[in-house]
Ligand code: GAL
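Listed next as structure tokens is one chain, alone, in the form predicted on its own.
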């Protein structure tokens, strides 16, 4: 992020914003897939139900594409009304630069401290005791999505855990099916690796390596076993010639692939396709090994603007995002879990219910975005996209590079 800010500080804005009237609020985000578009439509509908209007600023290509554009707008003096980031450390430098609003007054007026669960969601929006963002969901990475028909077609039982999935991979490959679907966006491979770390080495290992920067643990046998599993995943993913995460999800939806390691945002794609959880597809939290939910997710931040009417509209949007009605409608469409612990999600499907049960039991861990800086995560993305695409990189060599990244992390 430091490099990004330095480079963009001397550049002109990439986008030109449309002037916003008192009732119009430009909201930038990267939700453009079928399931994501349906979900963001619920947010827009709720905000349009107020005296203000949602002006959609969707950017295709995911967060890696969208965040630099958003940062460019901000440091170029052309702020949008609100923008999506993952809650955690991504906005630290923007806050330090004095570009984002302190939303503590709204949080207190709306009682967020009493209803947001777990508390770590608000903690991830808080810097020096001030709340800077409105969290809208819990989006956990810790899922394996499986096509029931793919396994049935090769005479294999639908796997109940990671080891069974690996064991079934040769049968899928022999039948001309893709065992593991992985797209070429770099964050997909690093995300899969982190899920393997939690499932096979344990959540404490992830927290100590990323949160405490435990170099000895990063170099040790626990991580060596994770890199060996990542090599298995690499082999299973060979031939998965798609780019975007939702294209990989579609391979599972259409029974052309056995499974995908992906966050619960994938569930929105199954929903749009009319697939039924437990019948058409199976979801395994924690790869069927360690059933945990990480508290990753999305939040909206609000730039400081010299316009009292836009500021007032920002306040209304923040309150609307966390209203009970919006939380239910949005998260049912998105496949994510609500940030409020007091909403009724009886309409949730089987996979969402699994997530809600894990959350209610308190089986959570911090998200990588809450533990690492954006710079560290970008280095990890680079490492793992290379590892998954180059079978000449041994697990041992990849682990050595991993250790160097952890050493240099903040």
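Residue numbers count along the first chain shown, from 1. The model shown is predicted, which means the values in this text are computed figures rather than measured ones.
Below: the form predicted together with beta-D-galactopyranose, not depicted.
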Heavy atom contact within 4.5 Å of beta-D-galactopyranose in the predicted complex, the stretch among 24 to 32, 379 to 387, 349 to 357, 44 to 52: 24 to 32
Distance check, residue 183 to beta-D-galactopyranose in the predicted complex, heavy atom within 4.5 Å: no
is_contact(residue 245, beta-D-galactopyranose) in the predicted complex, heavy atom dist at most 4.5 Å: yes
Residue contact check: residue 297 to beta-D-galactopyranose in the predicted complex, 4.5 Å heavy atom: yes
Residue 36 within 4.5 Å of beta-D-galactopyranose in the predicted complex, heavy atoms: yes
Heavy atom within 4.5 Å of beta-D-galactopyranose in the predicted complex - residue from 210, 165, 265, 151: 265
Among the candidates 73, 89, 101, 334, the residue which, in the predicted complex, approaches beta-D-galactopyranose to within 4.5 Å (heavy atoms): 334
In the predicted complex, residues of 176 to 193 near beta-D-galactopyranose [heavy atom within 4.5 Å]: 187
